[in-house]
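Below you will find one chain, with nothing else, as C-alpha cells; this is the form predicted alone, and questions on how it binds or moves follow later.
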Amino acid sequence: MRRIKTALILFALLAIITGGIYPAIVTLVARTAFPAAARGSLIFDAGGNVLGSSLIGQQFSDAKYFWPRPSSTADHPYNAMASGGSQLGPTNPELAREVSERIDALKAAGVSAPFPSDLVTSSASGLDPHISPEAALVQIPRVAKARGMNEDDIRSIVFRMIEDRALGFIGAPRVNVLQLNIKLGDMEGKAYGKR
C-alpha cells in the first residue's frame, strides 16, 4: 500500500510539473523573447484584422496575385489540421498527371516555361508559405498584366522580399507569398483584398 501511495504522489507531482509548470514557463519565455512567433506569426492589416500567418500558406487564384506552391492537404488547400504531402512517389502516374495539369494551368494563365518545381509540386507539409525566387520571377508578367503595372516595378518588389538562408547557410532563399501579395497591394495603394 505504501508503494502505491508513493507512486500516486510521484505521478501527481510529475503531472503538475510537466503538464502545468513547465508549459507555463516555456510559454512565458516564448512570449517575452519571441512575442510574434509565440502568437503564430500573424500578419495584421492597418485595421488590426488578421490576414494570415507568415508560417502557413494560403490559396491565391486571382491573376493579380502571386500564386503559392500547390497544397495537397485534405478537404481544402492549406488545411493546417490535415498537414501532409500527397505521398505520391516520382514514378507514380497520379503525380505525373497532377504536375501536367498544373503546368497546363500555368501556361493557360500566361506563365512561360521553364516552370520551377515548387510551382507544380506540393511540399511535404502541404502548408509551405514560401516559393523560390525563381517561382516568383516567372509569375511577374502574369501579375503585371493583371494589375496593369510595370514588370520592373514588380520585379524590384520581389527582389526586396527575398528572404536569405537561415543563419546564412540553412535552406534556400525564398519569398513569402502572402507578404509579397500584401506588399503589392500597398504599392498600388489598395488594401489587400479578395484572393
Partner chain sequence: MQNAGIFFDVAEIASFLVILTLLVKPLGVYMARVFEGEKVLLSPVISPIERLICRIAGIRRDDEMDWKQYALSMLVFNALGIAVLLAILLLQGMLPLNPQHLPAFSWDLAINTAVSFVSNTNWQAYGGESAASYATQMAGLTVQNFLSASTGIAVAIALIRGFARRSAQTIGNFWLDITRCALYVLLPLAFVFSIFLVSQGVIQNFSQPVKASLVEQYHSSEEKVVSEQIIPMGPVASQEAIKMLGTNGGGYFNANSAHPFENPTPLTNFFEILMMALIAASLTATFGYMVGDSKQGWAIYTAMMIIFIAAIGILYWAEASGNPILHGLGAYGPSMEGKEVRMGLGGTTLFSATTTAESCGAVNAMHDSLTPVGGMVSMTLMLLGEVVLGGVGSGLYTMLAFAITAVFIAGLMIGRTPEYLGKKIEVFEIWSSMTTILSAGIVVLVTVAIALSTEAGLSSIMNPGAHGLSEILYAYASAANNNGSAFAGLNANTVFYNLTTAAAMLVGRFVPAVAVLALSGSLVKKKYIPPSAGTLPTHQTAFVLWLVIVVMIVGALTYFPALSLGPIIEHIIMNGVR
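Bear in mind that the values here come from a model prediction, so they are computed numbers and not experimental data. C-alpha atoms forming the largest set that superposes within 1.5 Å between two forms make up the rigid core. Residue numbers count along the first chain shown, from 1.
Omitted from view is the form predicted together with the partner chain, to which the following refers.
Q: Is I182 part of the interface with the partner chain in the predicted bound form - any heavy atom within 4.5 Å?
A: So I182 counts as contacting the partner chain.
Q: Find out whether any non-hydrogen atom of R39 is located within 4.5 angstroms of the partner chain in the predicted bound form, and reply yes or no.
A: R39 belongs to the contact set for the partner chain.
Q: Under a 4.5 Å heavy atom criterion, is P116 part of the interface with the partner chain in the predicted bound form?
A: Contact with the partner chain, yes.
Q: Please determine whether P133 contacts the partner chain in the predicted bound form, using a 4.5 Å cut-off between heavy atoms.
A: So P133 counts as contacting the partner chain.
Q: Counting only non-hydrogen atoms and a 4.5 Å cut-off, give the residues of 19 to 35 close to the partner chain in the predicted bound form.
A: The stretch touches the partner through G19, Y22, P23, I25, V26, T27, V29, A30, R31, F34.
Q: Does the C-alpha of F169 move 2 Å or more between this form and the one not shown once the rigid core is lined up?
A: Comparing forms between this form and the one not shown, the F169 CA shifts at least 2 Å.
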